[in-house]
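We begin with a single chain expressed as structure tokens, specifically the form predicted on its own.
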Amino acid sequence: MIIKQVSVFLENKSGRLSEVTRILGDAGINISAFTIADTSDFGILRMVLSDPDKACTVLKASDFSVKTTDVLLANSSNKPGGLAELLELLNAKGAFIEYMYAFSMNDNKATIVIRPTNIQKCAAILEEYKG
């Protein structure tokens, strides 16, 4: 399934992450998943949110640099080797992954957020996957 991911560029200084989460919380926006990638000067907070469009509006109003990106949600079995099976399929079919992150809400399935170079090709491959 293709969804919107919200990316926020954060200066590496104390309190910026808590400020973003407070703004989202006050706006009634739930964070379902997130990851943070950082450099020495800034970080990129990538999030799956309950209302990405509203999140962009409220964060931009607070002077944050924000953008949305299409990503894929995929399910994998939550067992040893489950992720390897999914990644081997994508690799065998020629899908290149720029980045990904995952979470599990139960013992049976893991949800993986995938940013491929070709989202339509990757989505088609994942439609066949029964992991």
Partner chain sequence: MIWNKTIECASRDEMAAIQSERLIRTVQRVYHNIPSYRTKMQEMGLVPGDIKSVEDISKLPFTIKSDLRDNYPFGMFTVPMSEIVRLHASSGTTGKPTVVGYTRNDLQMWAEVVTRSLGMAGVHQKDIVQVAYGYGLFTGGLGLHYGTENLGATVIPISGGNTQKQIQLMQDFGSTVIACTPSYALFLAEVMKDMGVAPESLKLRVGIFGAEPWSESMRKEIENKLKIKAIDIYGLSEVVGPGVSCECEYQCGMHVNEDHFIPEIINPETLEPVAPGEIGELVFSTITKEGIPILRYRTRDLTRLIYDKCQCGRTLVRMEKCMGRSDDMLIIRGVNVFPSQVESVLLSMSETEPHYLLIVDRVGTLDVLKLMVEVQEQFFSDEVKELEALKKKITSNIQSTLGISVDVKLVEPKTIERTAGKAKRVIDNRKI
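All values reported here derive from a predicted model rather than from experimental measurement. Residue numbers count along the first chain shown, from 1.
The protein also exists as the form predicted in complex with its partner chain; that form is not presented, and the subsequent description refers to it.
A.B. asks: Can you check whether L10 is within 4.5 Å of its partner chain in the predicted bound form, heavy atom basis?
C.D. replies: Taking the distances in the predicted bound form, the answer for L10 is yes, it comes within 4.5 Å of its partner chain.
A.B. asks: Should R115 be classed as touching its partner chain in the predicted bound form when contacts are defined as heavy atoms within 4.5 Å?
C.D. replies: Yes, R115 sits close enough to its partner chain in the predicted bound form that at least one of its heavy atoms falls within 4.5 Å.
A.B. asks: Determine whether any heavy atom of Y99 comes within 4.5 Å of a heavy atom of its partner chain in the predicted bound form, and answer yes or no.
C.D. replies: Because a heavy atom of Y99 falls inside 4.5 Å of its partner chain in the predicted bound form, the answer is yes.
A.B. asks: Although the partner isn't part of this model, could you tell me whether I44 comes within 4.5 Å of its partner chain in the predicted bound form, counting any heavy atom of the residue?
C.D. replies: Within the cut-off, so yes.
A.B. asks: Would you check whether its partner chain, in the predicted bound form, lies within 4.5 angstroms of a non-hydrogen atom from each of S32, N106 and K109?
C.D. replies: No.
A.B. asks: Select from the listed residues T39, T57, S50, N91 the one whose heavy atoms reach within 4.5 Å of its partner chain in the predicted bound form.
C.D. replies: By the 4.5 Å criterion, the partner-contacting residue is T39.
A.B. asks: Under a 4.5 angstroms heavy atom criterion, identify the one residue in L73, V66, L83, A27 near its partner chain in the predicted bound form.
C.D. replies: That would be V66.
A.B. asks: Of 76 to 92, which residues get within 4.5 Å of its partner chain in the predicted bound form if you count heavy atoms?
C.D. replies: Contacts from 76 to 92: none.
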